[in-house]
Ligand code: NAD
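Listed next as structure tokens is one chain, alone, in the form predicted alone.
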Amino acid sequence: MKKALVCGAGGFIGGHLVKKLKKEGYWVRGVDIKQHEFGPTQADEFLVLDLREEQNCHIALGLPDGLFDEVYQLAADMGGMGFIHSAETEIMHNSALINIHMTNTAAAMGVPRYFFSSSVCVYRDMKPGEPEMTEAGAIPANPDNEYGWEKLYSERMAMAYARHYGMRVRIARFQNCYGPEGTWRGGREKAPAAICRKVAEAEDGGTIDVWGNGSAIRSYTYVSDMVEGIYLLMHSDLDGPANIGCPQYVSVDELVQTVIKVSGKTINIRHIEGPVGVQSRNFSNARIYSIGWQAKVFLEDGITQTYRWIEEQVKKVEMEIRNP
């Protein structure tokens, strides 16, 4: 039985990745600074550890009878656009420490396969309609935010350790990921979850606020597609970063209209000032396609599943408020 360590297993993608690995027959240890927010983990073992501390990386990677076959490093201090723009120093400090210590410790202990979760935030701002950017387009570097700069540095560090220690490193640059069992309130939620929450909380005929003018272009990747891409990439021969993203591109207003359609409500949109990020992103998925990955869940189907789950969470909170 293969053994895998999932760092960030208390988070959204990490929690889903644990489920995927269990289905594939792995023994899985999950590690995070917190337990998963939405139910018990499916990991065989779960350790609550702060991976900013080097000794905790040794604890996370330690086994009584050998090494982990695979380490998936998804632990990071991150959130939606509002958090990324307001917590720049925390993001750079906390995530850099996690990656410095975890990459170094895994390599020194002889871990054979190591996955690092990067982001398309490593790329520059793009204009709508620009030709698809390949992974090589991240250099020369000009990320739009500090979250992207930290990810790019950690990519380079992981690749340096791969060269010097012989550790097989796989790097995925995630496009926006969404789905059930992710953060949906509190300031760290991503745009799909935030819009689903706002619509679920709104009365039929009401109005919701949306940051910016609604014209920014994005691709949203459903979580089951993302974890399938992670798994295939880890077991591939693809060295260097690979984009993982759904090829369906929509404006923010189109995302909002999709959520409204799924909700069955009539909702008005009010555009307000707020952090938006880049104008557009349009990336080549040719590298991940080359190993057989394709997105299977497109926006309306994915939003349907996500909205239903978030609507259920909103109703639970409302019930708790009415019946404390």
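The structure displayed is predicted, hence computed values, not measured ones. A residue's number is simply how far along the shown sequence it sits, counting from 1.
Keep in mind that the form predicted in complex with the ligand is missing from the display, and what follows is about it.
In the predicted bound form, the ligand sits within 4.5 Å of a heavy atom belonging to D50. Proximity of V278 to the ligand in the predicted bound form falls outside the 4.5 Å heavy atom cutoff. Not displayed here, the ligand is kept clear of Y307 by more than 4.5 Å at the level of heavy atoms in the predicted bound form. Not displayed here, the ligand is kept clear of E146 by more than 4.5 Å at the level of heavy atoms in the predicted bound form. A heavy atom within 4.5 Å of the ligand in the predicted bound form is found for one listed residue only; from L67, I269, I260, I33, this is I33. The partner is absent here; in the predicted bound form, the one residue of V252, C177, C246, A194 having a heavy atom within 4.5 Å of the ligand is C177. Exactly one of the stretches 103 to 111, 201 to 209, 127 to 135, 73 to 81 approaches the ligand in the predicted bound form with heavy atoms within 4.5 Å, and it is 73 to 81. Counting a residue when any of its non-hydrogen atoms is within 4.5 Å of the ligand in the predicted bound form, the hits in 9 to 33 run G10, G11, F12, I13, G14, D32, I33.
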